[in-house]
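The chain below stands alone, shown as structure tokens; this is the form predicted alone.
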């Protein structure tokens, strides 16, 4: 039986690949998606998510969420994701679509109640929607089977020396989520930066795939240009990591830890603080922190999945 999955995204080039991957896996049944401000403005991420779903046949409901972080000013990533979030590639919306007016947190809560404790939530953007949902519906964390998050870092960050983008974009929301109580699997930069598509991988995906693979190739050229400028060997597939972990946990290793978020520090604002390597431990271990992946196997599953669409 497939896992019922809700995806909370700020689509985003690597979010787009994660949605395509999730769609391709028979072990996953996408039951809804919610868009949030993050990589790009909400109106872009909402449209992009619907456009990706249109590419897949238009069968998934998409809901708009938070247009800005809880307290801080918005923080974007146009150098990585382009001005529209999809690497400046334009994907068409369906000629006829049902635009869902319900707020993301309300729709998520209703789906979680419907699934009766079976719902897996994959969050690949800032955690504003989830923090809002948990504040409005205090029983929601207990209705979520597993919350899989792409975000944070144990070692160095990618927007500051200590912080990763998704957490830095709304640290107060992230801290609220880590305090809220659902079972959490955290995929930080320490593992996600090892999952990347080389130029040869991208060409192989495009040449042996269909329309979706062609769009995926086009979408990835902007982030590949950015990552190449920093000496990385390929376009990093951060947001596919929690999708892969859900279906193939045997390809990953991790450790239980206490994880919390710094919201006050001048130099450490947005840092995910863990007790993985400290003598002094937190009182509670609230997350499984994924640290390593069998990268070749993961990338092959990603490529084959997108080729199959």
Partner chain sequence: MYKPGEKSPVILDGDPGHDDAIAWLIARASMMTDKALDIKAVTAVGGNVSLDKTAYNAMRVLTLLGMTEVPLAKGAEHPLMRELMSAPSVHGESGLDGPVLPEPELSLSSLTAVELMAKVLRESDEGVTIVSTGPLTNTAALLLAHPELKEKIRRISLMGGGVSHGNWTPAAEFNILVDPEAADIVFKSGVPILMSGLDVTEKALVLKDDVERIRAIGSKVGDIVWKWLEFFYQYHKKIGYEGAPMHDPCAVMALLHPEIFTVRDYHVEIETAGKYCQGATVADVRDIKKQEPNASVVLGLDREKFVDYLVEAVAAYR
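These numbers come from a predicted model, not from an experiment. Numbering follows the first chain given and starts at 1.
There is another form of the same protein, the form predicted in complex with its partner chain; it is not shown, and what comes next is about it.
Heavy atoms within 4.5 Å of its partner chain in the predicted complex: which stretch in 264 to 272, 42 to 50, 65 to 73, 22 to 30 meets that? Partner-contacting stretch among the options: 264 to 272.
Does any heavy atom of residue 161 come within 4.5 Å of a heavy atom of its partner chain in the predicted complex? It does: once its partner chain is placed as it appears in the predicted complex, residue 161 has a heavy atom within 4.5 Å of it.
If you check in the predicted complex, is residue 205 within 4.5 Å of its partner chain, heavy atoms only? No, residue 205 is distant from the partner.
Looking at the partner-bound form in the predicted complex, is residue 87 within 4.5 Å of its partner chain by any heavy atom? Outside the cut-off, so no.
Quick check on residue 97: any heavy atom within 4.5 Å of its partner chain in the predicted complex? Contact with its partner chain, no.
Interface residue in the predicted complex among 182, 82, 157, 209, criterion: non-hydrogen atom within 4.5 angstroms of its partner chain: Of 182, 82, 157, 209, the residue with a heavy atom within 4.5 Å of its partner chain in the predicted complex is 157.
Need the contact residues for 177 to 209: heavy atom within 4.5 Å of its partner chain in the predicted complex, sequence order, or none if there are none. Residue within 4.5 Å: 193 only.
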